[in-house]
Each structure stands twice: as structure tokens, then as C-alpha cells.
Ligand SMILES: C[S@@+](CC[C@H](N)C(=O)[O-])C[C@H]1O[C@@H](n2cnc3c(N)ncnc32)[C@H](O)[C@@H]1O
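Shown below, as C-alpha cells, is a lone chain in the form predicted on its own; questions about how it binds or moves come after it.
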């Protein structure tokens, strides 16, 4: 079996558009192709990716001529996915815009006494972010001079009057974290080598040439409908028409104590998609709970799995392990609750999803085992299979996607594709024996059959 790295590798032939902006651990386009073929989808089908990230499923579906819809809660990721689906710009037009913007940015640097060459004299004064935005960034995620150049370039893009500013902005976002900034991904976001200077305008201009070339090469591909909605995937029915979806191919966040907003923080701030901590908090409230730093007073997704014995046993094991180890930090005290909130949020997602699926719809969820909470093993696919089955889905099986080493224990963890089929229970009617759901009673923890996809 190929290693995890090989299975997750972005093939050279897949780089056009997919590589415009992509998370390090995004599942690869060839996985989407495999399941589109396996499910027998054609131009009459519609694929949903309710956790679409930067749009891998959507872009590949469009390349294959299949309609698609994506839901994504993070503004930066939703912006990237939507831009990657816009193939309307002419390559030559983007090249001309890029040339003009680069010239203006170079002129601004030189007017202030600097140049876009490492080692050249620094301009003065340097542009900076407002304090409330600066506080959102990881410390030292970008050095002062590269930040100045990025802001000069961003301002030149905004003032350019280009007919396609999204592509110009996305190219900047692509270069910000690791080329212009000091970040590294492996798989967590952290600090790499600190760069005091970088040819930022040059890097962006080169990336624009790649965008333009890719758009030139896409002229012969059909125009399958594709769209992205910035929304909460736990409430799919609020964003997608009823009985409109033939297939789901997606990878939700894992219960792994990872703050997914950190991976896009630098570009979100510089592109103006995140202004202050209040906006960050609002974004986090719309995410599936998967880490202790994203839990808020009033969260009650755990009520959806209050009667699920396997999830309750997992939460109890995590808490018992914490007590045995004497772990007392505030975040560690939340670990058992995060696990319950995560699986409760997925139950809420599956419940809402039922309304938008056509009879016999096929589903593929890429999920991974985890051991992030005090090394207690979480068999994610198995737990989600049990939750989905209780909500009326048929569990078709699991495919092993790849194995990877646990960060804490270095033991092998499986990433699997959980395969489901919608049995077509009628979601508008009470179906206590076939489509159970969960809600709170007066005591706050009992199972109820009275409500369908509404939150408890």
C-alpha cells in the first residue's frame, strides 16, 4: 500500500487551479475522481461538499463536468474556493493587470526609499496593521519589511480597478504564509525561518503568471455549475435546496484539538477578511467544535449524542484519563466535552443533511482516527458510522485512504473514507424507528424522537 504521503500527493497533472491555494493536508483531487467514477455520477448529478475548505471537490467536479455546491464557514477558505471556481478571466487580461499592479507597487517602494530586492535599503516609514489586527496574528508570523511590501501590494491591487480582483488577491494569499511570511505547515501551523526581507512583489507576479497560464489551459473544459456558500455545515438545509443532492464527497474537521482558523489567520487579516477578535469569535461560533479553544458557553451539540453509548463511553474515558494523570488546566478539563460536542455536531449535520439528499444518494466522508486528547484513541469513522445509522443512513463500508503517524505517540493512525447511502426516510415526518434524532428533555440529557433536524 502506498504511504500516506504518496496517497495524499498532489499530482503534477492536478496542479492547475487546485494549487492556486490549498491546505497542506487537503485530500487530493484523484480521490474525488475515484469516487465520482465509483458512484457512477454524470453531468446530470450534483455533488455537495459541506466542509469544502479550499474547494478540492468542487474544482475537480467542475473539471469532470459535474455540478457541485460547497459550504464553508471560514471566510478565507470560502473566498479561495469561490475564486478557484471562477474561470472567466482571460489569461492575457490577468497578465496585463499583474504587470500594471507590480509597476505601481515597485514605484511606491522606490518613492519611499526601498526596492523589492532582499538586502536593499528599507523604505521609511513602514506600513503596519492596526493594533487590533496585529494582535490576531501569530507572533513573528511575518517580519516588518515583508509586511510593508505585502500591504503596498494589497493596496495596489485594491486601487487597480481590475475586473478580476479576486484572482489578484488570492495570488497574494497564496504567497503570504510561507513565501512572504515566516510560517510553516507540518501539519500544524508554526514558525519557520524568520525572513527579514523577501522579494514579495516578484513572488506575487510569478504566481499571477501561473494563474493566467492555468486559465488559458481551461478554455476547452465545460462550464458545469459550481457555487460556494459561506455557512455552518451543521445546518446544511438552510443553504441547499431540498432533495437536490445526488452525492456528498467531503472531509470534515477531525476531533484533534486543532484551531483551523490559525492556518488562515495571516492572509485573512491582510486581505481584510478578519478585522478584530469579535469577528474571529463570530467565525468560530459557526464551526464544528473540534478543539477546546473553540468551545463557548451555551454550546449544546452534545445533546444530539446524549443517548449514544459509544460517544458517552469515549467522553468518560477521556475524563477518567485526565483525572488519573492529574491534568488540571482549563483546556484539558474541556477535552471530554469537546469530543461530545464534535460528534454531536456531526449528528446535527447528518440530521440536517437528510433534507437535501435525493433518494439513494451516496456519501463519502474522509475522516481520521485521532489520539489528541490525552492519547485516548478516537475511532472517528466507526463512531460516525454509528451516528449516521441511527439517523437513517445505510453504512456501506469503509475504505482505507492512508495511514499516518500520531503526533503525540508516533503510532499509526488510519484515515478512512466512510461510505454511506441515504435510505430516503421522510425527514418531514416523525420516524422513531428508522430515523432517530436527539434533543434535550427537561433534565437536559434524554433522547427524544419528536424533533428532526432542528438543534436541541
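Computed from a prediction, not measured in an experiment: that's the story for all the values here. Numbering follows the first chain given and starts at 1.
The same protein also has a form predicted in complex with the ligand, omitted here; what follows describes it.
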In the predicted complex, segment of 416-424, 384-392, 43-51, 61-69 with a heavy atom within 4.5 Å of the ligand: 43-51
- prompt: Among 368, 253, 294, 123, which has at least one heavy atom within 4.5 Å of the ligand in the predicted complex?
  reply: 253
message: Quick check on this chain: which one of 257, 319, 232, 246 has a heavy atom within 4.5 Å of the ligand in the predicted complex?
response: 232
- request: Examine residue 27 and determine whether its closest non-hydrogen atom to the ligand in the predicted complex is within 4.5 angstroms.
  value: yes
message: If we define contact as a non-hydrogen atom of the residue within 4.5 angstroms of the partner, is residue 266 a contact of the ligand in the predicted complex?
response: no
is_contact(residue 77, the ligand) in the predicted complex, heavy atom dist at most 4.5 Å: yes
- prompt: Is residue 378 close enough to touch the ligand in the predicted complex, meaning at least one heavy atom pair within 4.5 Å?
  reply: no
Within 292-321, the residues that have a heavy atom no more than 4.5 Å from the ligand in the predicted complex: none
